[in-house]
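Only one chain is included here, represented as structure tokens and corresponding to the form predicted alone.
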């Protein structure tokens, strides 16, 4: 037995040494790749080119999947590996781009700049070399002076105060200044900016929270109001910081946000509220849970770990949102008879009807959720 063990050790040691040598080469190649990325960053900074290039990344992934098959490797493994590498590369590039200003001579006023989202954008502008001024309710006495010669006034206050703040600040703004807001509703704020300010107007909605360290691939919706050309430097700056810009009208934005934000958050709230009302044993359910249940429950728990006042603003922001949510609640009653009559066939029919409506997205959702589940299994 000892002889067999010695033979095993004698045979495996050279193999392990070779693996170690290969790992060292991989690290060396990754370092060389990063050095090339640094050169790309320098070139992009000179020409103000955005970090994220979707077509380039997807072409690379497709090519690597094909090459991995030719080498007898798992294409999914190769894609997962390179997604991590590309993500790290984008983050590094974005951090470098944060010090690149499209108009570094511009003066920025962030109204509500001591709040979380306002602070995030104030810091981004500061890193990029802009002169940033902060206006809050505590120094409003100096609003007129702070507005002198500014190029961008960015309103970042709670939704219910946005229109009022726009009305108060507009008389102090230079006629050439760009006026923009960061709220999650756009129709009323954009309309009020247009009616009170004669210069460029742009609605902006960051679809992320204020705790990010990087804007890599984060979506920002812009809703043009007036003089898109004069607003172009601001949207270009957002792209340089790594954001993906989605253009919309204020009406379309608010209609879609009723679904994407209000309905999604409210449905999650209702699920959590029901579990609480039933006094469900969360820890015990997790012992019985599949990865998908843990993922779904994790999203519910995530909601209740955050600021309720913020979500109240989002959910109750407009009459349209509240009407949609009432419609959602009433729609649940349509299924009561199906349960009372134990009508399984009706359920199957409704299921198939909805599945047909979802169409090809169901296959996409299956792939994406499977990826998330696999990652969750790896982590926990």
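This one's a predicted model, so the numbers in the text were calculated from it and none came from an experiment. By rigid core we mean the largest C-alpha set that fits within 1.5 Å across both forms. Residue numbers count along the first chain shown, from 1.
Keep in mind that the form predicted together with a further copy of the same chain is missing from the display, and what follows is about it.
a further copy of the same chain is not drawn, but in the predicted complex it has no heavy atom within 4.5 Å of residue 167. Within 4.5 Å of any heavy atom of a further copy of the same chain in the predicted complex lies no heavy atom of residue 175. Within this chain, residue 284 lines the site of a further copy of the same chain in the predicted complex, having a heavy atom no more than 4.5 Å away.
Not displayed here, a further copy of the same chain is kept clear of residue 142 by more than 4.5 Å at the level of heavy atoms in the predicted complex.
The stretch among 225-233, 133-141, 117-125, 70-78 whose residues place heavy atoms within 4.5 Å of a further copy of the same chain in the predicted complex is 70-78. Residue 221 is the only one of 150, 157, 221, 163 with a heavy atom lying within 4.5 Å of a further copy of the same chain in the predicted complex. Contacts between stretch 336-369 and a further copy of the same chain, counted in the predicted complex as any heavy atom lying within 4.5 Å, involve 336, 338, 339, 340, 342, 343, 344, 347, 348, 350, 351, 352, 353, 354, 355, 357, 358, 361, 362, 363, 364, 365, 366, 368, 369, listed in sequence order. With a cut-off of 2 Å and the rigid core superposed, residue 65 has a Cα displacement that reaches or exceeds the cut-off between this form and the one not shown. The two forms, fitted on the rigid core, differ between this form and the one not shown by less than 2 Å at the CA of residue 360.
Here residue 37 counts as shifted, since its C-alpha moves by at least 2 Å between this form and the one not shown after the core is aligned.
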